[in-house]
Ligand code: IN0
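The chain below stands alone and is given in structure tokens; this is the form predicted alone.
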Amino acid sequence: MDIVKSLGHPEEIMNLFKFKMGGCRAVMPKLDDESMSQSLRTCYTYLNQTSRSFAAVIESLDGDLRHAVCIFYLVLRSLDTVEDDMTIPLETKVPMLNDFHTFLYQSDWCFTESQEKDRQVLEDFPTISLEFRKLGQQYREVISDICHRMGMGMAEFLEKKVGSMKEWDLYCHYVAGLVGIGLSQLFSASQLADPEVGQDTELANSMGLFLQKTNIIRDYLEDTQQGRAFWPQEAWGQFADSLEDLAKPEKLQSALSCLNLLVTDALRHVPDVLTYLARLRNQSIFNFCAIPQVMALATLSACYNNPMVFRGVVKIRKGQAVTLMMNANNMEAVRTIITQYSGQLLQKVSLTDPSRAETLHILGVIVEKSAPLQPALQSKSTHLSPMYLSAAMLLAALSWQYLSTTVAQAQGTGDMQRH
């Protein structure tokens, strides 16, 4: 079935075969668990059960950073499972979220009443907390601090809706930006990344926000069907009386306008993503960070102006995902991928979309940031690289469309004033 979906994309078919024949090991080496304790092996089992995609990139990290990130992920997955479980009453859930970081030092704490699919991480939390306590102090301090701050943020938003766009940023900071900050601090603590990676919390926050906003946008239908509302009212309130109304067939055009507004907002984090990735020197950390980001951009491109967001599930093809995993292993490749998807997004921008000018502007910023630095011409025979030419042409197209839109809007305003 994966091959069929990629029939129009020969490179994806070839990469699917390479991946199945072991090509994935070049990006994600097989984990050697023979020297691990039984409790640590159990943690990696839970990691694979709760997120196969994240498990693959976590297991490829170098040195003791791998175990620290594995435990960090499981601790936050446990916290997230509490937040997501709609069967836990608020009077129980809020104190649990606020105090969750203290459970890391309670050897026998567990929770056996969850109905969520990932409940095993709560039921066997003693195994996870045991491995947490075995980590070096530099790792324990980061994980405990982020767990504390995230739990408090989650508790705050349990009792209020995501209203303004600023509150959307704040919610995404609590549930994902803090993950980016914590991971960056773990990278620096391992000495596999420069200190500035862990110190620049603004860039690290953007890494998390881009991934989280992509997930929220993609998961509209699933979340609303389960009574969860993460799209900000400031956005959907411009187009509908309720968030659920966007799924109504007669509201499709309004729904797409709201969707495109949120995609445009998410795209503003991409320049920060590029700056962050350019600072990474360790290959395993680069792969770990770059692969989810390019997959998120591919997902946003698939979601943009797509009615299926309101009718089902939007996913990128497996062949597409495998190709991104195998290619996104250096900055030049990442810039090429980002330029490619920026071009795809440009082609989808409607002449009548209310966010058109903002979308074209941020795409222009992204393409300019993605363009490789072209060395000065040494002679008349020196040629510009195809990648540079592609980015330059795309930037020119974006500039023209943005200018045309701005002029049209100005003329429209002038006509209104004359009348």
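Treat the numbers as computed from the prediction; the structure is a model and nothing was measured. Start at 1 with the first residue shown and count on from there.
Just so you know, the form predicted together with the named molecule exists too; it's not on screen, but the next bit is about it.
Position in contact with the named molecule when the complex is considered in the predicted complex, options L211, I338, L324, C303, heavy atoms within 4.5 Å: By the 4.5 Å heavy-atom cutoff, the listed residue in contact is L211.
Here the chain is shown alone; which of G180, G319, G198, G153 has a heavy atom within 4.5 Å of the named molecule in the predicted complex? Comparing distances to the named molecule in the predicted complex, the residue within 4.5 Å is G180.
Contact of S53 with the named molecule in the predicted complex (heavy atom, 4.5 Å): Although the named molecule is absent here, S53 would touch it in the predicted complex, with heavy atoms inside 4.5 Å.
Considering only heavy atoms, tell me if N215 and the named molecule come within 4.5 Å of each other in the predicted complex. It does: once the named molecule is placed as it appears in the predicted complex, N215 has a heavy atom within 4.5 Å of it.
Please determine whether F111 contacts the named molecule in the predicted complex, using a 4.5 Å cut-off between heavy atoms. The answer is no: F111 has no heavy atom within 4.5 Å of the named molecule.
Contact between Y73 and the named molecule in the predicted complex at 4.5 Å, heavy atoms? Contact check for Y73: yes, within 4.5 Å of the named molecule in the predicted complex.
Answer range among 343 to 351, 256 to 264, 189 to 197, 283 to 291 for contact with the named molecule, defined in the predicted complex as heavy atoms within 4.5 Å: Partner-contacting stretch among the options: 283 to 291.
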